[in-house]
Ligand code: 3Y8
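Below sits a lone chain in structure tokens, taken as the form predicted on its own.
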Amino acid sequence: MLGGTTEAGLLARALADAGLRTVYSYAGRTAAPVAQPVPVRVGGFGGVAGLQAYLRDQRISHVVDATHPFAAQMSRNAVAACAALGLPLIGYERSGWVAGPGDDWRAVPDIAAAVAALPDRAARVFLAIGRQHLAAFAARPQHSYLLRLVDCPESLPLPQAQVVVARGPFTTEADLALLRAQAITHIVAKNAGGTGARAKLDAARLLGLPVILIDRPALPQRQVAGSVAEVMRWLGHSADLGV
């Protein structure tokens, strides 16, 4: 299983309870990944060829891609590697967020468009996108940025930035307090879906704040499940999991 999400953790528990031999793979982008009830490996594979070699050497029979919706390269590599080896692959995807009454969301296709969507005047921006694409926002140095990261970075590419180290899930009440305390005027986020990181969007609605929401990247066609139970049925286990 390619993991790193809340959903992957739920699936790992179900796989362990079912007695299925499982390896949970973390990308290795956080210093202290969440412990899992199955064996864990950490780090990249070395592209499609490296992933193929690993799957072949470990005699993997099924692959579940339960990575973050924005871990597009890993998902593309999984599709290519499994196709080359003839291995069954399923993506475990959470649904994307959908705007409701009172939401002020501006959908953009990618990071560059999110940078361009920020105002010219100085603003206080909650940049809730992780740490990989922070450098792109250095093109708008007039803004003050609030970053919420799992690990404290050694350095930042932004001239005006404050870091809050925290791991979700988050609550609407806590995010309301954070946005108010930091006098945030804009939010930039990825449309990751799920419940663990949605609180900032609910808080933004309550405060009337605009949200620049980055669309999910396009992925190759593959079979997709939306719940642990669906994945378990795909693996031949149809017990009522209650999830």
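All residue numbers are counted from 1 along the displayed sequence. Please read these numbers as outputs of a predicted model, since none were measured by experiment.
Absent from the display: the form predicted together with this ligand. The rest refers to it.
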| task | May I ask you to state whether R140 is within 4.5 Å of this ligand in the model of the complex, using heavy atom distances? | result | no
| Is there a heavy atom of Q132 lying 4.5 Å or less from a heavy atom of this ligand in the model of the complex? | yes
| request: Examine R167 and determine whether its closest non-hydrogen atom to this ligand in the model of the complex is within 4.5 angstroms. | output: yes
| said: Using a 4.5 angstroms cut-off on non-hydrogen atoms, would P37 count as touching this ligand in the model of the complex? | reply: no
| note | Note: this ligand not shown here; in the model of the complex, the stretch from 83-91, 154-162, 99-107, 123-131 having heavy atoms within 4.5 Å of it is 123-131
| query | Of 193-211, which residues get within 4.5 Å of this ligand in the model of the complex if you count heavy atoms? | reply | G196, A197, K200
